[in-house]
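Before any questions on binding or motion, here is one chain by itself as structure tokens, the form predicted alone.
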Amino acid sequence: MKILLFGKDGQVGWELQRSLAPLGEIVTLDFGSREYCGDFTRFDGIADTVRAVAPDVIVNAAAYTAVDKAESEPERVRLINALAPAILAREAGKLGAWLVHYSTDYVFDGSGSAPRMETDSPAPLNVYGITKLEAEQAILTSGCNHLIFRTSWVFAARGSNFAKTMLRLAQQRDSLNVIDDQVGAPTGAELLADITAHVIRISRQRQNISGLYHLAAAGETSWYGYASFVLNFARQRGVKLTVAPENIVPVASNEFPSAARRPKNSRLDTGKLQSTFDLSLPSWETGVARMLTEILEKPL
């Protein structure tokens, strides 16, 4: 099997390089790649790359993910998040290749408290969510074999993340205010990559699995609950923190104004994924604990 991976140096792309390696030959690209084009603003180059590599599977882990900055440059965001994936879908269809693409809970407006299902109507609140939804629709209507994974609150040990920020601030400040009215499931890039590899294996035998799936860790928490878990974990392992547990304060979203509106309900129903692929998803705490164990071995 030949796999073409876009976005190799992102959080998910980095883990995909590991998880996809046993499946066959992998061509890995990012925006600065030279032998082949990985720049999602160059549509001809992207199409030429797919034709030259002629992969069995295209995995798109590339995206514009700076949610607030996206509000000020919607045209560029649409190029990267919507129009380039549409080209991948078109070229995958011509080749008879599978396209794996990652989307987001931000396609929903975050109303209510029930976990969202794949059949629920999207209503994005910001440019990022709008462009990710446009990509989904382009792929779904392209006719290519596809796997679209909507996920939420992605983290990885590599690069910056919420947990590292909380640890740094907790060593510098006497108190922390953390949002408590946005709820979701922190989901590890490692988990996304491992499930992607598992599903790709199955797709080689079962073409009827093509479709849209919700993929997130089990359970739910708020950003306040997430921060509390991270700091309690660090304390138990001897990390010296300035902030006391009682000085971590839950606050409403409006305490932190931002350019882009965020959904308050980021819960995703993963029943379709679990039943289709006979999976049991680990709790968000399991993934975060693994990530913390890794990063606490290194200076923050």
Ligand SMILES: NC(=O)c1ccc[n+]([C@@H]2O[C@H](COP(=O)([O-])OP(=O)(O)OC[C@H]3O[C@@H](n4cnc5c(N)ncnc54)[C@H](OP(=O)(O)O)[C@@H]3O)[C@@H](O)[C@H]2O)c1
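Just count from 1 along the sequence shown to find any residue number. Just so it is clear, the model here is predicted, and its values are computed rather than measured.
Omitted here: the form predicted together with the named molecule. The next part is about that form.
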Next item on the list: Answer with yes or no whether Gly10 is in contact with the named molecule in the model of the complex, where contact means some heavy atom within 4.5 Å.
Entry: yes
Notebook entry, point to check: Is there any non-hydrogen atom of Ala63 lying within 4.5 Å of the named molecule in the model of the complex?
Noted result: yes
Item checked: Asp39: touches the named molecule in the model of the complex, heavy atom cutoff 4.5 angstroms -> yes
Item checked: Partner contact for Asp105 in the model of the complex: the named molecule, 4.5 angstroms, heavy atom -> yes
Notebook entry, point to check: Would you say all of Arg76, Lys132 and Trp153 touch the named molecule in the model of the complex, counting a heavy atom within 4.5 Å as a touch?
Noted result: yes
Notebook entry, point to check: With the named molecule left out of view, which of Ile80, Ile195, Ala138, Leu212 would have a heavy atom within 4.5 Å of it in the model of the complex?
Noted result: Ile80
Next item on the list: Tell me the stretch among 240-248, 63-71, 271-279, 48-56 that has any heavy atom within 4.5 angstroms of the named molecule in the model of the complex.
Entry: 63-71
